[in-house]
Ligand code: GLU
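Consider the single chain below, provided in structure tokens and representing the form predicted alone.
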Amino acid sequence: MLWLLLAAIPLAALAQTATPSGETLERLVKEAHTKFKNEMSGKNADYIPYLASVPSNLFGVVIVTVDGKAYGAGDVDYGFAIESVSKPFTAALVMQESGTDVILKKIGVEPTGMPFNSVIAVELLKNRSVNPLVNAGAMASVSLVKAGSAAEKWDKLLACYSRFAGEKLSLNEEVYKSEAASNDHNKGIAELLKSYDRLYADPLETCDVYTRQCSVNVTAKQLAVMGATLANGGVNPVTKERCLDAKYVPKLLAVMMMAGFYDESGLWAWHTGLPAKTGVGGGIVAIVPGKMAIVGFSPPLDEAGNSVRAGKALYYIANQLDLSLFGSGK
């Protein structure tokens, strides 16, 4: 079984190098930005009208270390829709409130091998919601947040994200309106999950809260702090606030490794060996436990829904620093 193989990996291989110097990190983010800023592959997501209108030349790369230091290049302060990068942080809130068993039993942790919004996966796979990082599982996560109303649930989610970011985040109303006007597919998935008893609140209310969470505005720098909080065992490296109990972080990172890169998760793990989460807003966050988070942002996506420039930049940095959790590739 996979978990037995992972357990056999020596701890020395999982933490093979010291955290690089600030000079090295600053040099690498600048190199990655320069190297890929003229990459023209991919196109903006267009099934959400707002995302199609975001300037496709935007590109930022940021590293935030577990001691709270930030190194960035490019458009690191531009606010963009967090989209699916929100999903691990909702799962974190569910874990914090209810433990890990609720994720395992009521959602699942297996990759689908199918697109992130697949209805076929809901119909074919036994767990239906499958994992908290695809749309079905993410809505199941939202439905498990403890609250007396949809409004309270949304407030708790936004407050959770803000704690991870170390500053108050907000809803991008334009993104929300655009998504709410075009989210019939997700509404259908929510209703389907409810029919299988794999959604635990009202389907339409759940879908609306989920749409709001995907419409949160975040910068690459803020997202890097969110990721660095996970790298730092659940403690925000800037504010020093604990956002997630340390015992839950490895479980969350395991799901990110297996399912965080849509249906290219295996390819991403093969090339970088890092847990990550990507979103159709153009953001990607990769976690290096005990060391740092690396974030890239650029709107044009590949066919799987992953940012082309951001993915290449993160791959470049991860390999230059030999960061794979599975051991050195050099």
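Quick note: we count residues from 1 along the sequence shown, nothing fancier. All values derive from a computational prediction rather than experimental measurement.
There is also a form predicted in complex with glutamic acid; it is not shown, and the following applies to it.
By the criterion of a heavy atom within 4.5 Å, Ser118 is excluded from the residues contacting glutamic acid in the predicted complex. Glutamic acid in the predicted complex is not approached by Ser129, whose heavy atoms all lie more than 4.5 angstroms from it.
Glutamic acid in the predicted complex is approached by Asn186, whose closest heavy atom lies within 4.5 angstroms of it. Though the partner is left out of this view, Tyr210 does reach within 4.5 Å of glutamic acid in the predicted complex, counting heavy atoms only.
Comparing 277 to 285, 290 to 298, 31 to 39, 65 to 73 against glutamic acid in the predicted complex, the single stretch with non-hydrogen atoms within 4.5 angstroms of it is 277 to 285. The contact residue chosen from Thr219, Ser84, Ser143, Thr112 relative to glutamic acid in the predicted complex is Ser84, the criterion being a non-hydrogen atom within 4.5 angstroms. Contacts to glutamic acid in the predicted complex (heavy atom within 4.5 Å) from stretch 131 to 158: Asn135 only.
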